[in-house]
Structure formats: C-alpha cells, structure tokens
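Starting off, we have a lone chain in the form predicted on its own, written out as structure tokens.
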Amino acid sequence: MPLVRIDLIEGTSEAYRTKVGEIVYQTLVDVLKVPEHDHFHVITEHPKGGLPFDRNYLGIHRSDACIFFQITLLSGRSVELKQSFYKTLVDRLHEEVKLRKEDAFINLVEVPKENWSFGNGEAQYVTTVS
C-alpha cells in the first residue's frame, strides 16, 4: 500500500540506495504496520541543479546529501504514530548509512483506499457492495 519515492542528488552507490530503501521499507513494516512484501519504491538520482531545495528552511541546515522521501499510503494513522515513524526512520538512517538527521526530508501523502490499483485494472482494496 505505500508507494515510496526516494529522491537524492546523483553520486551515491547502488548499495547505498538499496540500503536506504531497505531501511524505509522495514520502518514502514515495524512502525506503521504495513503488510510484509508491500514493497514499492521509486529511487531517483538527480543532477545537483535538478533537485533544488532551501538549505536552511525552518532553521534546519541541509547538505547535498539531503534525501527526499515522499510516501503515499492509506489515510487514517494518528499524529503520534506518524511522529514515531519520522523519528524511527531518521534514527535508523543515521545509524545505518550515516545520513545526517537534518538531511532526511519526509512527506506523507494520505489517500483513501479506492485510489489504489495494483494491476488488472482493479481497485483491490475496494469492497464491492451487493
């Protein structure tokens, strides 16, 4: 159910990008309780000029290592659960790939269940009313 977009400035290794994706996936499973095997990621590297961002917005000093995470998922989770997800994800990224905590930009996009089709032109999460 989550679709994860990971955007970063080009120059990282495939191993680094893979590890970042694994950390995001495992955090989604552990904290937000998404189903196992529900793993859909788009990881895109951009030239430095192709990923402009404010280096100091809200007093947070971002570097070229900044990673943007946009996660589209079913709506309905509490603010507290989302805050736990943000903190856990950033802590794990810092521990496991040495990403500065300031360099994790996370955006959750919540959508209703009828906005998903996983193939066959069907909305698998929609229950048909007879």
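Between two forms, the rigid core is defined as the largest C-alpha subset superposing within 1.5 Å. Quick note: we count residues from 1 along the sequence shown, nothing fancier. Since the model is a prediction, treat every value here as computed from it, not as a measurement.
The same protein also has a form predicted together with another copy of the chain, omitted here; what follows describes it.
Inset, instruction - Indicate whether F118 is a 4.5 Å heavy atom neighbour of another copy of the chain in the model of the complex. - result: Within the cut-off, so yes.
Inset, instruction - Examine L108 and determine whether its closest non-hydrogen atom to another copy of the chain in the model of the complex is within 4.5 angstroms. - result: Contact check for L108: yes, within 4.5 Å of another copy of the chain in the model of the complex.
Inset, instruction - Classify E95 as contacting or not contacting another copy of the chain in the model of the complex by the rule of any non-hydrogen atom within 4.5 angstroms, answering yes or no. - result: Flag for E95 set to no.
Inset, instruction - Answer with yes or no whether T27 is in contact with another copy of the chain in the model of the complex, where contact means some heavy atom within 4.5 Å. - result: T27: no, not in contact with another copy of the chain in the model of the complex.
Legend entry - Neighbours of another copy of the chain in the model of the complex among 73 to 88 [non-hydrogen atom within 4.5 angstroms]: Counting only heavy atoms within 4.5 Å of another copy of the chain in the model of the complex, the contacting residues of 73 to 88 are V79, K82, Q83, Y86, K87.
Inset, instruction - Could you check whether the CA atom of S13 moves 2 Å or more between the shown form and the other one, using the rigid core for the fit? - result: False for S13: its C-alpha shift is below 2 Å.
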